[in-house]
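One chain comes next, on its own, written out as C-alpha cells in the form predicted on its own.
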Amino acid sequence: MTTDRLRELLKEKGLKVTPQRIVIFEAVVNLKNHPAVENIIEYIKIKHPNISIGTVYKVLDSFVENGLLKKVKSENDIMRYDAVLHHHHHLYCATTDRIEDFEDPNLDKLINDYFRKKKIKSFNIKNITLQITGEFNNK
C-alpha cells in the first residue's frame, strides 16, 4: 500500500493523518514478517526516536479497530500485525517464530464447502483462517 493510499484510508476512517501513523504503518508493511510490537518499535526508533511506545500501541490498536491491520497471534501468544487484509492463511514456524502468508483457493473452497454442509448449530461462521504450524526447511 502506498503512503498516499494510506492517507486516503485514514481520512475515510475519520482518523487524523499524522506522521506517527504513517511511520508506524510503513514499519508494519516494510518489515513484511507479521511483526510484533517490539519489532515495530525497534524499527521506528532508528529514524524516529521521539515516537513514544504508548503512541505505537495506541496507533496499532486504532489501525486494527478500523480494519487497516489485522492481529495475528503466534503459538507462543505473541501478538503480531498483518497489513495484508485480503483473505489468506498463515504458515507458522514453531522453531523460528516466523509467520508467512499462505493462499490456496482450492483449500478455501474445500473448507467453505465443508462448513456450508456441516452447519454448526447456533453458530454463524463469519471467517475461517488457518494457522498451519510446522517448520520451514532452510535448504
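Numbers for residues come from their place in the sequence shown, where the first is 1. Please read these numbers as outputs of a predicted model, since none were measured by experiment.
The form predicted together with a further copy of the same chain exists for this protein as well; it is not shown, and the discussion that follows is about that form.
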Check Glu135 for me: does it contact a further copy of the same chain in the predicted complex (non-hydrogen atoms, 4.5 angstroms)? yes
Consider Thr18 of the chain shown here, and say whether it contacts a further copy of the same chain in the predicted complex, taking contact as heavy atoms within 4.5 Å. no
In the predicted complex, is there a heavy atom of a further copy of the same chain that lies within 4.5 Å of any heavy atom of Leu91, even though the partner is absent here? yes
Taking a further copy of the same chain as it sits in the predicted complex, is Ile125 near enough to touch it, meaning that at least one heavy atom pair lies within 4.5 angstroms? yes
Just one of Val64, Val84, Met79, Ile53 has a heavy atom within 4.5 Å of a further copy of the same chain in the predicted complex. Which one? Met79
Answer option from Lys73, His48, Lys32, Lys58, heavy atom within 4.5 Å of a further copy of the same chain in the predicted complex: Lys73
Pick out the residues of 1-33 whose heavy atoms come within 4.5 Å of a further copy of the same chain in the predicted complex. none
